[in-house]
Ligand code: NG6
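Okay, here we've got a single chain as structure tokens, the form predicted alone, with questions on binding and movement later.
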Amino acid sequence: MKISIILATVALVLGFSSCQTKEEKTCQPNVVFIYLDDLGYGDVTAYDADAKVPTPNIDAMANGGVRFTNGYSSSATCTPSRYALLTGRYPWRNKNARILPGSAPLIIDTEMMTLPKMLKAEGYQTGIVGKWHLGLGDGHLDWNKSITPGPNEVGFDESYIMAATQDRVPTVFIDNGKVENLDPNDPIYVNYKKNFEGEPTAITNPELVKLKWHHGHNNSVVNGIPRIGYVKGGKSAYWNDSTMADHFLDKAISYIKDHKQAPFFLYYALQEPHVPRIPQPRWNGKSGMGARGDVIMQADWYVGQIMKTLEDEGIAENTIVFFSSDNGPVLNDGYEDEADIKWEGKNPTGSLRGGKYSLFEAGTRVPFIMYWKGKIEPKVSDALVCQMDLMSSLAKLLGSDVRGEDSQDILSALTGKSDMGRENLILEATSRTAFRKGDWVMIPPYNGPAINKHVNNELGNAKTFQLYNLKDDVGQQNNLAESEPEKLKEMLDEFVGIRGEYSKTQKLILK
């Protein structure tokens, strides 16, 4: 990689001219990606002044950086969004990119280019702390041995993770491919199809349950919390739900301090406000909005601690920080923690329709912020941007030739130098897809319920096409499919040209 390429790229795109040699830190800024789980567009006060939980640290980042009003995850659920973020590839191209059990094999091909691999090739140290949920192993996983392939085989030098989500077994920390604190005399076994003989569950032993399950979370009970899946043994390795988020924060801060002398990439994937929502004791009851509100306040504080660490270590001006969420919000997602009661009439989606699992806007339009102290001007941007585009955009910044299959170079939009982002974007929710172009969104017909009765979120399913102009109707209340047939055909043609498999649907509308 030629020094002149880096110099020209940085100077042209950022208007930044103090970088003289590749050896100077400013040529290769550190990158921190802070990823929350199930945080809604209306959960951050910088995005919605009526948000019911204060988020001062996230707001400070938003007000000091570029706050995107049209920032998207790639999917309305977690695994697909994370797949797209790290691979620069639409999740619907991989049939396995769906919500995974904790024992699923790795769904990223180890030969595939990834965001951390691209950064490693440019001299970066790469690390992940927190939620993974992209599968581990090759389908024949033994949790008592080295767990491979995993994050370390797809580009991360260091990894300290939980395998899937905190509501799924195994409830253990995995340190660079090994279950931490595992006693060899008490091996751990995991099964997602059947229970182990004699092991209690939330159904057989309800007296063990401290947090009552609502739907789908009635298998093994760990720390009084019923989980998805069955586990036997490994008790010395179990995490403490009330301290695990602090534990991940400590690991993230240590990573920053340990690698501050060289360019680093930290993917810090928090679990908040995903279920089960177990706030640390000091946050319990602080929000007045129940456990969901408490863990949002908690996560906001963690964001502040990361930003404080960058300042204290003297690297804030040489660190790009991205903030976003893997998908939209959900209130009751399996446990009776009163979120749906506390939030009644107080929508965490803001003015958007839908939520987690939904093809409507609230499923994938999420808080999205880029912050780079002293290098970019504060701005509110309406540019269409997607997390999937970080690979190609950061590659452009560093002078790398790497580009993701579906990842676009939108660096000028990310840095606030341009109001032009993507021209279009395919949105995904549980294998269903929709299409956004400009101010328009088109949702094809889908069978299935209009509402997920368990979580009470609209899914976007309808027997006919849906077409919305978001400029005039961000809440998607006025379906223009019948009154704007030419626009619908234009949207459908372009959608089919990218997505490919909707030719039958296209014929329906052309009749």
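Start at 1 and count along the sequence shown; that's the residue number. In this text, all values refer to a predicted model and were calculated from it rather than measured experimentally.
Keep in mind that the form predicted in complex with the named molecule is not shown, yet the notes after this line are about it.
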Within 4.5 Å of the named molecule in the predicted complex, heavy atom basis, the matching stretch of 54-62, 473-481, 459-467, 37-45 is 37-45
Indicate whether the named molecule has at least one heavy atom within 4.5 Å of a heavy atom of T165 in the predicted complex. yes
Please determine whether G123 contacts the named molecule in the predicted complex, using a 4.5 Å cut-off between heavy atoms.
no
_With a cut-off of 4.5 Å between heavy atoms, is K131 one of the residues that contacts the named molecule in the predicted complex?_
yes
Even though the named molecule is not shown here, does K193 get within 4.5 Å of it in the predicted complex, heavy atoms only? no
_Can you confirm whether S73, E428 and G497, the three residues that make up this candidate site, all sit within 4.5 Å of the named molecule in the predicted complex, judged by heavy atoms?_
no
If we test each of H215, K145, K95, K308 for a heavy atom within 4.5 Å of the named molecule in the predicted complex, the one that passes is H215
The listed residue (A362, C78, C386, I296) that reaches within 4.5 Å of the named molecule in the predicted complex by any heavy atom is C78
Residues in 310-333 that come within 4.5 Å of the named molecule in the predicted complex by at least one heavy atom, in order, are D326, N327, D333
